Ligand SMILES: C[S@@+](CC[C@H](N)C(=O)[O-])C[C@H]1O[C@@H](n2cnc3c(N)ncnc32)[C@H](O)[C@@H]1O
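Given as structure tokens, the chain that follows is alone and in the form predicted on its own.
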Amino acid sequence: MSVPETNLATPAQLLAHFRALDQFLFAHQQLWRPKPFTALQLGWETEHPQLARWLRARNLEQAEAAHNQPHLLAAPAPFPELARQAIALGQLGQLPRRSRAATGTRLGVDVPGRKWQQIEAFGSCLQFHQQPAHWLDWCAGKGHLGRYLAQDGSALSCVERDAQLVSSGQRLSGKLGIPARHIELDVLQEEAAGYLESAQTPVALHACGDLHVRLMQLASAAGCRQLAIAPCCYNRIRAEHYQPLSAAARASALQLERDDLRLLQCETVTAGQRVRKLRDLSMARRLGFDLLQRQVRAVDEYLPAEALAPAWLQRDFAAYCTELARVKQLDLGGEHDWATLETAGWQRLANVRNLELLRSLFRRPLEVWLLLDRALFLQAEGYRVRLGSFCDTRLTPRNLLLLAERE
């Protein structure tokens, strides 16, 4: 099969791109590591007071409008230059796509529309020199991706930890006439290595953190000739600190904590208006409570507190704070000006969202840094790699795909 060589990077090109990103992220870490949600004042505001004042003067609606395209803001320096560098360094380009046989609606049964579109876009980018004969759907859920790929008659194995999903997937494969083997397996356990064979082509669409890293390690060890991974939730790792995979990342001065990786999860493109309103209400109340707990404890630092159940958002602000204080075993003392605190919480949310726009410039560069770490690892294992987007960010913000193939 003819495979386009676009998006194919040489080891030298990958390494040069990684090092440029590494230098950019390390040099500006004081801008993207501190979190406005937990700090009343950020260290960089002293160094860039004009930018800080400009961002803090904006309202919540303005922050929401710029959320997914902060690079377009006409903000004071150094924002425009940082945006220009971030766009250039985070650019990977689109992977070439080819049309597949129409599936009709039968394979898309029981699949939410947006997820099915992601599956179709992912599948259209899987172009290898040798036609895969046996797909391995990693962390497969019910196996929707695997069935889409195996509709041409190729073999299919689906591994998934959730027994109910395995059972449902097996029934669905039978109903649709797709001969598939659905296997209940925790891929992080030692026995997972025995389920990979060199003749398989593993695929993972949005497998989280340790799960897709585990696939790369086991697939390369098993001698798999091809694999395709669209990573997701890089922060879902067991270690407190990020464990670099490639020699270049291990040599980097940029030492990432698990909390740093949560920056990638701050992008919202798919939530509906009702979900966003509830999210904003929850965050504004937590920020108002944060101001209260600083007063009560006489300690000017953030007190980690999980959001209460959604039902508490139907109660008034005083009841919400009282319940959160009970959960945190915090004595609130006497009377409080709840109306002023609630208003202050909403103002803080506006400040947080606008200050986050500076952090968000570094979201894609950090994601590409992590993806290149994986690509460099696979290159060292003897794979040729192609990187790029498989769909538009409006379909999913985690739209980057890594294709790897051994000669």
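If you're wondering where the values come from, they're calculated on a predicted model, not measured in any experiment. Residue indices: 1-based, along the sequence shown.
Separately, the form predicted together with the ligand exists; it is not shown, and the next lines address it.
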Requested in this report: Note which of Arg297, Lys115, Arg97, Lys277 lies within 4.5 Å of the ligand in the predicted complex, where distance is taken over heavy atoms; exactly one does.
Outcome: Lys115
Report summary line: Heavy atom within 4.5 Å of the ligand in the predicted complex, from candidates Arg258, Arg161, Arg171, Arg84, belongs to Arg161
Query raised in the report: So which of 320-328, 174-182, 218-226, 187-195 is the stretch with heavy atoms within 4.5 Å of the ligand in the predicted complex?
Result: 187-195
Query raised in the report: Hey, in the predicted complex, does His206 get a heavy atom within 4.5 angstroms of the ligand?
Result: yes
Requested in this report: Find out whether any non-hydrogen atom of Leu165 is located within 4.5 angstroms of the ligand in the predicted complex, and reply yes or no.
Outcome: yes
Query raised in the report: Can any non-hydrogen atom of Leu263 be found within 4.5 angstroms of the ligand in the predicted complex?
Result: no
Query raised in the report: Is there a non-hydrogen atom of Ala121 within 4.5 angstroms of a non-hydrogen atom of the ligand in the predicted complex?
Result: no
